[in-house]
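Just one chain is shown here, as structure tokens, and it is the form predicted alone.
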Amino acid sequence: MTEKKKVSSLKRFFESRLFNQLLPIAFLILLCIVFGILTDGRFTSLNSLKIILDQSLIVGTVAIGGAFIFATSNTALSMGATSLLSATVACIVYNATGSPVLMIVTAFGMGILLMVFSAVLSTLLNVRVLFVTVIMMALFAAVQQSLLGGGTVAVPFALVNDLTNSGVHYILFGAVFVVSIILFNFTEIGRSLKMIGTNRVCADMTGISYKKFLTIAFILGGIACGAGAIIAVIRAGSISTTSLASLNMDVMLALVLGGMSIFGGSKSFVYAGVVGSLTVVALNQGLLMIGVDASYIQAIRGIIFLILVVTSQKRPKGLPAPEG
């Protein structure tokens, strides 16, 4: 094989879907090795790894739903605020009724309702999803503030203990993950969302309705937000205005670290949110364990996110995409 052919083969590999999927996993493994060395093995202890896994459940669950929206070449910034408001209302409903079933149903219902509201505003007003969700993020935070009045809403410890011992948080995460993998890879929904992200004009010409499938993506995102809300209640037992404060950023960072292109399309894969959430939590935990001040960690995460977004600005080659 000539040198030119070798270079060409390497270039094709680096631009391939397989490389995009393997790189985030390799980065996560490398991160664990580096922090394991720097902490004399404390980072890679079973207890530390379990903490990372448990802490990544909320971000991972919500990010899985975010992958459906990302696949359409859209960015939803309100998923953290949606999860927080859903958790708040779910706790209020439980305290009013004493029913765990109603609490869970309310969390899912609120998640779907709030996300669909954003989708409808975007499609009806023909406004970019990014702009709508920025407004919704502020609106949902204001609604939650008015509900709590600066206080906290909590559920009984006995309920949290029962749900934890039953493994409900793991069950919710596993169910969201498995169903999402099936929908994203083996159904018309996943194919259509990726087609829209690859080229919306082409998708329109083949009869794929942008409004319909964007709404479906937001419904699935809402289900993930509802599941994330319940997991948040199980983990904390209470919700305040400062709960899940960094979830919006964590979800975005998780998807990008997990290998999702900001342009979505054919190279999208739903488990990017899972790999990315583990990476985000591992990064936070590792930096804390080596003594980095918590105030600097946010700055480091922001810089990493900015670098990843800038380096992925090149849109994949394809037919011309609309400017609007």
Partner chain sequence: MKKVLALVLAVVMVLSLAACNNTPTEKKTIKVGVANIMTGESLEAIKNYYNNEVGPTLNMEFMISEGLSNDASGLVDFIDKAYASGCSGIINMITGSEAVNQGAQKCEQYGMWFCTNNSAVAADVAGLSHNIGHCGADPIGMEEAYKKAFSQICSDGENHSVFMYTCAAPGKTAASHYYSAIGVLEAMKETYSLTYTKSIEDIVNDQNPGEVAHDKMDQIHIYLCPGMDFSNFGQYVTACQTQLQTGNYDIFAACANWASFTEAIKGCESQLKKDIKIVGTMNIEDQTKQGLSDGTIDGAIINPLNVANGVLAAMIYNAVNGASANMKEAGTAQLLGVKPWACMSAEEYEIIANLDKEVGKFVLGGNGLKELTVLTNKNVTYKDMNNTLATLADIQKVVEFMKK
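Positions refer to the first chain, counted from 1. Whichever C-alpha set is largest while still superposing within 1.5 Å between the two forms counts as the rigid core. Bear in mind the structure is a predicted one, so any value in this text is a computation, not a measurement.
Unshown form predicted together with its partner chain; subsequent notes refer to it.
The partner is absent here; in the predicted bound form, the one residue of Ser240, Ser209, Thr215, Thr75 having a heavy atom within 4.5 Å of its partner chain is Ser240. Note that among 215-223, 228-236, 101-109, 184-192, the stretch whose heavy atoms approach its partner chain to within 4.5 Å in the predicted bound form is 228-236. Within this chain, Asp40 is remote from the site of its partner chain in the predicted bound form, having no heavy atom within 4.5 Å. Interface membership of Ser48, defined by any non-hydrogen atom within 4.5 Å of its partner chain in the predicted bound form, is confirmed. Mapping the unseen interface onto this chain, Ser266 falls outside it, with no heavy atom inside 4.5 Å of its partner chain in the predicted bound form. Among residues of the shown chain, Asn95 is not one whose heavy atoms approach its partner chain to within 4.5 Å in the predicted bound form. The rigid-core alignment places the CA of Leu283 2 Å or more apart between this form and the one not shown. The rigid-core alignment places the CA of Gln55 less than 2 Å apart between this form and the one not shown.
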